[in-house]
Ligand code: BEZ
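Quick heads-up: it's one chain on its own, the form predicted alone, in structure tokens.
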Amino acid sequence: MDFTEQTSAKAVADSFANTPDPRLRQVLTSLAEHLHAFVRDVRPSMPEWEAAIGFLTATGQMCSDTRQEFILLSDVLGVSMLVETLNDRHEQAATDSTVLGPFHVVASSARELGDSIDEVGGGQPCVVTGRVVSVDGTPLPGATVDVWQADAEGYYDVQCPDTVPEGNLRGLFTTDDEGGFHFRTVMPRHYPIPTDGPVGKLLARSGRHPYRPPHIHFIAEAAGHHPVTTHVFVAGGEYLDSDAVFAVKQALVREFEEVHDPQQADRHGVTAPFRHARFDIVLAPA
């Protein structure tokens, strides 16, 4: 078969016909078909093709142990949220999932319930409380709740290694006998995703802003249940309607109530006024 504009996709797909793994064969065949259809549609010039290769090369070169530019690219193209949506097909009562984001650290430091994850200070004090339960409301004691967030200036610890302690605003908590968890932190702030790499240049050239609304990340896991990667978003926060990575779901928006009662502040180990958010996490049985 001659390799032509009309036969190119089939030629490449046929070359994968003997791939032993059926799932891999399916993926490669579909990739060839859709990729060649895309190229035929946009008909790139050779300089445009070279620029695309350069963009992907620069994206890879921007990756490090603390930054994943390809995840960032997936995020701003909406692919991360689409993959999450396609895989988030558990019971409707379960907490919605969202993107992992480019700044997750595999092993957050274990902390005791009620501890503060803020090791620097600054920003308005905030207390987050909640429970991890199954879809029928049964508490899940011993569940793990991994949390991480940006600081009051909109930066994660890994973005400021010279000025912020490693592990700042991160923590791994274990729920109590009632499935409860609580911790102290600071109010999250809206912030831009990193714009100093190829993804930032892509956003600039396409006239898109890079901002994410204020939020806190969570990963909750419990024995016998599907884990969930999710966020809690601040009600009324900026960019809720135009999140750069398309991750906002209304079911995950919560009020961060301002509390002025000094007795409540003393009970939580903070100073008044502080903000309080309640975020219960519901896991679907495996």
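Owing to the predicted nature of the structure, the values given are computational and were not obtained by experimental measurement. Heads up: residue numbers just count along the shown sequence, starting at 1.
Quick note: we don't show the form predicted in complex with this ligand, though the next part is all about it.
Undergrad: Just one of G123, G101, G180, P198 has a heavy atom within 4.5 angstroms of this ligand in the predicted bound form, so which one?
TA: Contact residue from the list: G101.
Undergrad: Sort through 181-189, 110-118, 69-77, 161-169 and report the only stretch with a non-hydrogen atom within 4.5 Å of this ligand in the predicted bound form.
TA: The contacting stretch is 69-77.
Undergrad: For the three residues R131, F173 and V232, which mark the spot I'm curious about, does each lie within 4.5 Å of this ligand in the predicted bound form through at least one heavy atom?
TA: No, none of the three is in contact.
Undergrad: Residue-level question: is A94 within 4.5 Å of this ligand in the predicted bound form, judged on heavy atoms?
TA: Although this ligand is absent here, A94 would stay clear of it in the predicted bound form, with no heavy atoms inside 4.5 Å.
Undergrad: Using a 4.5 angstroms cut-off on non-hydrogen atoms, would V245 count as touching this ligand in the predicted bound form?
TA: Within the cut-off, so yes.
Undergrad: So, I193 and this ligand: in the predicted bound form, are they within 4.5 Å at any heavy atom pair?
TA: Flag for I193 set to yes.
Undergrad: Looking at this ligand in the predicted bound form, which residues in 206-224 have at least one heavy atom within 4.5 Å of it?
TA: Heavy-atom contacts within 4.5 Å come from R212, H215, H217.
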